[in-house]
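Listed next as structure tokens is one chain, alone, in the form predicted on its own.
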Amino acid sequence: MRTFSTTNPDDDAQQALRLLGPAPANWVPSHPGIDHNLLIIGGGQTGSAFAFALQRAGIGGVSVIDAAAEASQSGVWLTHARMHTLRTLKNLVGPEGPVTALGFQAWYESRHGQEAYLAIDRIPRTAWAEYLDWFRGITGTAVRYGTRLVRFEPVASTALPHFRLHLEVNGEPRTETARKLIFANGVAGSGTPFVPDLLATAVSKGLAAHTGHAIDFAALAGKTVAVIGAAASAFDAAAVALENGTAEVHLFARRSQLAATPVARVRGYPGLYDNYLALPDATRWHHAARYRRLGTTPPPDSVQRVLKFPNFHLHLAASWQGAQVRDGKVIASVHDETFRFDFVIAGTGYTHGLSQRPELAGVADLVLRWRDRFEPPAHERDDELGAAPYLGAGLEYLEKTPGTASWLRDIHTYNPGGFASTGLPLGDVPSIRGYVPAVVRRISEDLLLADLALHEARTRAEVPVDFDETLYAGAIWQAGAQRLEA
């Protein structure tokens, strides 16, 4: 069994990069007026994965931005994520791609030893955040923190179409340009946290929040809290509230039992996983609609975490019929019962309403959606799924009306809004192995073909010879030269 360095935990990673050889030189030509070949929106795990993969593909001029003020606030792992461990298997391929010495296992074993890695069932959340920070450093991925994409528009140019980017950098406006965009911007990247209408007043008065929002759990000590939803994020939020000393937590689930009917996962079926984009639309829709209809089962450890508390109460088949705010309390109606809560947490998922995101509002009406492409049978109708973008083979947006917005193909989306197209929540670790390389291949192809005449000229040009004839002059056979006698 391989052992890792103990004197310097990064020695093996540096050695792996040395043996891998230097990344290819940037082969993408620069153009006047173009600041970036590619802008990656989001510096988390998939933004980092793309930056490394593009580097190894010889694609330069890549910039990574993140609205968070600093690395510790980027992504969800040290902010909105509340689980103790990741919910995925610990040995899945992550941002390292095929370079295993840059993977989590190598990193963890180099710091804690092989036995420690064998002892963990899944990856600790904070360890994953630490690993990602190390990965960005070891691969030279620079993230421009405090930088937010406000909006963008295409610049029609016969020479080279591109985007004009309106950024906010540490609160100050800035304009830049880029040829392509990758939205690697997290769970709300194609929409916004979904909060039921009946909670609108409670949210406006600071008496309710979504699991995707910042929540002051310490302020909930001694209070009675409701959690709506039965997925993992709802249970994790309930657990944190209980761990912070709430008087009671009531979790309300629409389903009649927590353990949903098992659904075959795409990632557990390689034939589907590796060829999902080639499947008929009807097949892809069926899997996505069935998965959403049956719901996700919270991991056993998330359930066990709340069951440690006698003041946790589970309500099954208990949809809220209404909610009012009265005297600083949220009054909820559930079946024939009335409840009074000091605070409500909505673990109710996310929408795919592109128009709800300021940076995408300008393109929302132009993007092809699943509802524009496919009419499902009545028993599989799902309006939220129908609003999801219908993505191309490079996870790019497609135009709803042919000939009106061909530039959409230069916007690649890598967030859960692509679930209907890919069968996986894009942005989660399981999606990285198959789809990051696919997107990079498409980007490489597009950039090559956009400047094909220049690349043809480069490859057909005469280049200096490596040596001249003096190297072999003494070995040239001279006609008529004296021959050796037998």
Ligand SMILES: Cc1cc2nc3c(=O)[nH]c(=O)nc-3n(C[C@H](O)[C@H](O)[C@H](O)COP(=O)(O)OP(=O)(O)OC[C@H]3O[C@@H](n4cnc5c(N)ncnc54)[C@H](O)[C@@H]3O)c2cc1C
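The first residue of the shown sequence is 1; numbering continues from there. The structure presented is a predicted model; accordingly, all values stated were derived computationally and were not measured.
Quick note: we don't show the form predicted together with the named molecule, though the next part is all about it.
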**Message:** To verify the annotation, which of these, Ile443, Ile41, Val28, Leu38, has a non-hydrogen atom within 4.5 Å of the named molecule in the model of the complex?
**Reply:** Ile41
**Listed residue (Arg148, Arg371, His315, Arg292) with a non-hydrogen atom within 4.5 angstroms of the named molecule in the model of the complex** = Arg148
**Message:** Please identify, from 394-402, 99-107, 315-323, 73-81, the stretch that has a heavy atom within 4.5 Å of the named molecule in the model of the complex.
**Reply:** 73-81
**Asked** Does the named molecule get within 4.5 angstroms of any non-hydrogen atom of Asp428 in the model of the complex?
**Response** yes
**Message:** Using a 4.5 angstroms cut-off on non-hydrogen atoms, would Ser406 count as touching the named molecule in the model of the complex?
**Reply:** no
**Message:** Residue-level contact is defined here as any heavy atom of the residue lying within 4.5 Å of the named molecule in the model of the complex; does Gln304 satisfy this criterion?
**Reply:** no
**Message:** How about Gln45 - does it come within 4.5 Å of the named molecule in the model of the complex, if we only consider non-hydrogen atoms?
**Reply:** yes
**Prompt:** Are there residues in 60-76 with a heavy atom within 4.5 Å of the named molecule in the model of the complex, and which are they, in order?
**Reply:** Ile65, Asp66, Ala67, Ala68, Ser74, Gly75, Val76
